[in-house]
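Okay, so here's just one chain, in structure tokens, the form predicted alone.
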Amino acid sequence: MNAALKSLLPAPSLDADRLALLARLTQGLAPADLYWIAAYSAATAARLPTHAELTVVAQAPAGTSNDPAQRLTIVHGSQTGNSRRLAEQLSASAEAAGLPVRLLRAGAYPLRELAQERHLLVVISSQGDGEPPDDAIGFCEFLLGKRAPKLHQLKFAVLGLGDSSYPKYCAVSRALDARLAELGGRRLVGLGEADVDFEEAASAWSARALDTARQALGESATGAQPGRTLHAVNEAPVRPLHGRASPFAAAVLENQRIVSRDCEREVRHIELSLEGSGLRYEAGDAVGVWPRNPAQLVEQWLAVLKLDGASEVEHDGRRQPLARWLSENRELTRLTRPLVVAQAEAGGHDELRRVLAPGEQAAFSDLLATHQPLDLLRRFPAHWEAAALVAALRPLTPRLYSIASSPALVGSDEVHLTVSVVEYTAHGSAHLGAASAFLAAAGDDTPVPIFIEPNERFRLPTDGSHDVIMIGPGTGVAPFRAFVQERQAIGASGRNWLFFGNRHSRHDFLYQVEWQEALRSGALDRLDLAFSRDTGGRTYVQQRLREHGREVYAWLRDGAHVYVCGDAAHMARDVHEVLLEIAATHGQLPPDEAKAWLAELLQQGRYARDVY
């Protein structure tokens, strides 16, 4: 460093080793690069309220920054956040390679620009019965529909995430890949498919796709060249210290049962401390929980397989006791196709092989629905070595819980969850859910490893004068507790209408006192209830929705937003059908127009679902 300039700086607080490291890091950088590092460091030191950071790409030549031929577009469609994270990693790698890149949610992609697109990467998941994520429905329908343009100038690649245990594995990505080619596009790389443990397959595909995209864009779009500068193109939230890969150990502030003692199912309200975590959330987001498998379940596995929990097992560069692998690192409660295949081979079970046959999907689906892995081990015995077992089991994954609190009301240093404890008897033994059992037992001496999973597609309207309709039976009501708190805290003038249902009004009317107080205070304008076991015929929220269809349609016609949270397989699908019925009956819309109307609400963000 120039001696005169150095004399103007304050004495450094860094030690000699760190100063030497800093010198090595900055050696050979151009002035523009050094200015950017200074700005980034200053912003970090300031700890701005928005936690802003500078996202950097190489500046494209004048006049080409918005030229599709000089740009890589990455679109993601995600239900649980995995596709979004992969797309963000891919975008960061592209930026680091000097590629001009834009990253968009499928729901935010400007469909009119598809005809001009030249380099496109799509990362998308399939859910349920081969359906796209909610945020990608409009994107998929447009691309697969009659209005999609010819794409002879497009070079593309598609990565699909799915679960091979289901019949329509990666169905959405397969359909998009085929359609883009049918419209004239040329593949940068072949279709990528990644199962539940997706990291390795996704990483390999991303590397190939990025390398090919770099070649397709040409050397003129890559690398820092003389006379070119780095510039900030946007502000984005700084990655917090704690995330999915480095969860925060949250102290438990409160953990209480919120159903009656006579209730056949246990539901708990849990409050966690975020103090000191740097984590921030909004109403509509989720908390990811890294659970530990119940100790009694681990002991059952060891007993059934006749294995020693203290035996050391090395896998993927880690060495630890088998019991720890099973407790903290391996999936023990979710049955998957790969494990069924492995068990059939290990034990030579022809019956299992028959269930896995292509024409036996109904039998296989029934096996998944009625058996946990331990049931399979007991019913179809096989000998397992400890190392082979660890390799065969899928990694333990975090569970997502919709947040039941608004930081605007309870403060940013705590977060609330509504947890239904999975506990039942089947095949002659008790069964537990990994995460719910872990959370139910959490207390003062059991910190909960968590992270925040943003859910941008499940947000309240920015204009507080808009009305909102919330449909959330059971623990699906959790985000709507947050919504009502948020609307109350900010003084939103729009009306709030909640549809809630459960089994019994006396036993599991979740947050009953709070809803009654909200009605008295005006924080909630309408509350319609459906308790399915209180009457002779079972009544669900979709029936209540149908009964008030005229008013529901009037609210939506006048600009209301409608939200659905809960079971995807039955409730959410039934509610969707009732909304179509309401549009046809009270809006006098033919079936095709009713579908287009609801699709438009989805595209506008006025119809949002948080389903599982």
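So that there is no doubt, residue numbering starts at 1 and follows the sequence shown. The model shown is predicted, which means the values in this text are computed figures rather than measured ones.
Quick note: we don't show the form predicted together with a small molecule, though the next part is all about it.
Under a 4.5 angstroms non-hydrogen atom cutoff, the small molecule in the predicted complex has D574 among its neighbouring residues. Taking the partner from the other structure, the small molecule in the predicted complex has a heavy atom within 4.5 Å of a heavy atom of S532. The small molecule is not drawn, but in the predicted complex it has no heavy atom within 4.5 Å of S125. Put simply, S402 is close to the small molecule in the predicted complex: some heavy atom of it is within 4.5 Å. The stretch among 66-74, 549-557, 562-570, 583-591 whose residues place heavy atoms within 4.5 Å of the small molecule in the predicted complex is 562-570. Of the residues T418, N293, S78, S91, just one reaches the small molecule in the predicted complex with a heavy atom at 4.5 Å or closer; this is T418. Residue-level contacts in the predicted complex: of N82, T333, Q542, N255, one residue has a heavy atom within 4.5 Å of the small molecule, and it is Q542.
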